[in-house]
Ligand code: GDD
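Take a look at this single chain in structure tokens; it is the form predicted on its own.
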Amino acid sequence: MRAVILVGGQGTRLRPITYDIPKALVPLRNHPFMGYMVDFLRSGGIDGAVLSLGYLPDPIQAYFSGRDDLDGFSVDYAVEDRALGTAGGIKNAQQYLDGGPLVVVNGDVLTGMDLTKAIERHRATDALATVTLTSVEDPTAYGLVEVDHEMLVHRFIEKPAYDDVTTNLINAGVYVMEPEVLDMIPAGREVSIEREIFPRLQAEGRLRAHVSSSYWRDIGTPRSYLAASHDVLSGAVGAGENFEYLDVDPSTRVGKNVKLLPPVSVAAGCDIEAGATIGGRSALGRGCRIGEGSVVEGSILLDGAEVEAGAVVRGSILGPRARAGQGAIVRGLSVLGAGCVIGEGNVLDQGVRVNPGVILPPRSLRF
């Protein structure tokens, strides 16, 4: 049984990080997200995957070409020359499938669900497709899925107002489907599985649901990406037997009186100067430099990011080679794009996003 992984989107909600890095490769505990996706599929007995690619396909293909631990898990690539939507992306991958039932996964879903149970549930019915569902605390932020007592999908509700909420179940982005569904998808144009194909299956009584109470998170926004990073660092999902509360590469240079407050992940070649504090579920990518007396808490620093002396980065994301200048404060879910520089004494807060390459002069911004 094979899977289609939908990774063709531009990741607009996660910009400016995704201007340079495809969403499928953003790191969690310094491992590309796509590695977690492959582990999830393999745990469900899937033999291989077709990656439905569009935006920034080359880095994703390079990631797989550099892996030697797939152990027979096959990978093929279906690259779109224009946006085809979720169903169109599946149709575009059809030539690489084996003609049997398949699993489809949105490429931004981190989950601990048991995929084998979803497959078994699908096989036990006459459904042409089975949609996995999960419950959320705030249903108004998502499209909802109503089901009956036999797990037949009754209707879809697009991001309802609070008074219109009838369920807290949402589409978890993992589907099991029969090959007949592929024949329902027009070729060569943009088609939505959620808005065009699933409603048709629902109307025919051939769409069922499987509800999972396991861990689930969409990593597609800065808030959810940072939360997913915290969860992985804390061992809530994806850590497996190799999880360590203090995961520091031995090549890292650690100065005197540095505080490393677990869980922390520090990749190769980092330099942490005297008196710095790294904690609160933070992850530092390769070659990061942390200045004397600076503080990094609950944050993600991608490869080559720098935090100069006395600066504070708290609950935020620094892109590759981004730099927070001496005494600067970056907090409140702020996001710095690749190579941008936040000059000395600046204060960024309340979700400020700075595009790649932007240079803020010293003391020019207090937000």
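Numbering starts at 1 and follows the sequence shown. The structure displayed is predicted, hence computed values, not measured ones.
Keep in mind that the form predicted in complex with the named molecule is missing from the display, and what follows is about it.
Asker: Just to confirm, with a 4.5 Å cut-off on non-hydrogen atoms, which of 152, 211, 227, 170 contacts the named molecule in the model of the complex?
Answerer: Exactly one listed residue reaches within 4.5 Å, namely 170.
Asker: Work out which of 178, 292, 194, 297 lies within 4.5 Å of the named molecule in the model of the complex, going by heavy atoms.
Answerer: Exactly one residue meets the criterion: 194.
Asker: Is there a non-hydrogen atom of residue 106 within 4.5 angstroms of a non-hydrogen atom of the named molecule in the model of the complex?
Answerer: Residue 106: yes, in contact with the named molecule in the model of the complex.
Asker: Hey, in the model of the complex, does residue 15 get a heavy atom within 4.5 angstroms of the named molecule?
Answerer: Residue 15: no, not in contact with the named molecule in the model of the complex.
Asker: Looking in the model of the complex, any heavy atom of residue 86 within 4.5 Å of the named molecule?
Answerer: Residue-level check for residue 86: yes, a contact with the named molecule.
Asker: So in the model of the complex, is the named molecule close enough to residue 77 to count as touching (4.5 Å, heavy atoms)?
Answerer: Flag for residue 77 set to no.
Asker: Choose one stretch from 65 to 73, 49 to 57, 298 to 306, 312 to 320: the one whose residues place a heavy atom within 4.5 angstroms of the named molecule in the model of the complex.
Answerer: Of the stretches listed, the one contacting the partner is 49 to 57.
Asker: Each of 6, 142 and 156 within 4.5 Å of the named molecule in the model of the complex, by any heavy atom, yes or no?
Answerer: Per the other structure, all of 6, 142 and 156 touch the named molecule.
Asker: Using a 4.5 Å heavy atom cutoff, which residues in 20 to 40 contact the named molecule in the model of the complex? It's fine if the answer is none.
Answerer: Residue within 4.5 Å: 23 only.
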